[in-house]
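One chain comes next, on its own, written out as structure tokens in the form predicted alone.
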């Protein structure tokens, strides 16, 4: 399906005035910082420890360069992808980000409305403020991200709710079985869940509610504390995936894979795909960059579905990741910043502009389709 980035670009020039919305990822981030209080901005923007993993994610893209090809006859192009039966008009999906209500009151519903308008799928977080069912009402193309807490009954309920609400896949996050050390949040003692933010899946779940003596409305602090008490689950093993596989007929992906060994192990336990991710640098300080891990994982799994996130900021990043083997990427912080700046409309604008930039970059690189990209389109530096 053809999408013309030139039309988007020309509309800005024809208007002959600066655009209403930010253009580049750093512009969105700066505008979001102006609008958010220090706690909320730090929670979205920050990472673990010295934040070296965050920096590594960005730096990894600079070590690869595109090799444009001339006179390719690519007057029309196709930037769409399909992953496990879910189509996206662009080679990215919206990554699962928890507690989006701290960015904007529209929260996950605003993001879902933007996803529905654009057709770009979103991954709804277990740590969302809006529920599985509320987001499903928007008719956005969607997957559900599962934090595997230490109560299997709650996990089972979440999965069944997502399947009943029409979600297309379950994405299990493996790298957040307990919270990483995050100095920005610790300095401000900022944890939004204490105030009920990001607890929407739990506070609407019949299994979770059955464990409370009083409703979250009657005793919000106890409800939030009970939710947080389910979180550490460091006893989880690969064998537990066998149980999860038996709970749903939906495709299952595991998110947080950074090594070939773990990628192979995941497939041995029946998953349908892996997401190469270091959680945007929010969990392990000094970890390998996601893009570097993608190379290793794709070589280990030449035929499997492989997605990646971490450090995606512009079209060139997207195309480099696809050329290195990603079937699609997950876009994270940039859309959270766009939500903070303009709610649903901000996210719509961010999606449209990134799609336009991808199409123009693909055109100038000489490709007809994003799906034809491979290592031959890159040089390592």
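Quick caveat, the model's predicted, so the values are computed rather than measured. Positions refer to the first chain, counted from 1.
Just so it is clear, the following notes concern the form predicted together with a further copy of the same chain, a form of the same protein that is not shown.
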Quiz item: Do heavy atoms from each of 88, 244 and 348 fall within 4.5 Å of a further copy of the same chain in the model of the complex?
Solution: no
Self-check item: in the model of the complex, the one of 212, 154, 284, 116 near a further copy of the same chain [non-hydrogen atom within 4.5 angstroms]
Solution: 284
Quiz item: Using a 4.5 Å cut on heavy atoms, which of 304, 207, 136, 174 is close to a further copy of the same chain in the model of the complex?
Solution: 174
Quiz item: Can you pick the stretch from 253-261, 155-163, 214-222, 78-86 whose heavy atoms fall within 4.5 Å of a further copy of the same chain in the model of the complex?
Solution: 253-261
Exercise. Give a yes/no on whether residue 34 approaches a further copy of the same chain to within 4.5 Å in the model of the complex, heavy atoms considered.
Key: no
Exercise. Examine residue 356 and determine whether its closest non-hydrogen atom to a further copy of the same chain in the model of the complex is within 4.5 angstroms.
Key: yes
Quiz item: According to a 4.5 angstroms non-hydrogen atom cut-off, is residue 197 in contact with a further copy of the same chain in the model of the complex?
Solution: no
Quiz item: Can any non-hydrogen atom of residue 232 be found within 4.5 angstroms of a further copy of the same chain in the model of the complex?
Solution: yes
Quiz item: Though the partner is not shown here, which residues of 357-381 have a heavy atom within 4.5 Å of a further copy of the same chain in the model of the complex?
Solution: 357, 360, 361, 363, 364, 365, 379, 381
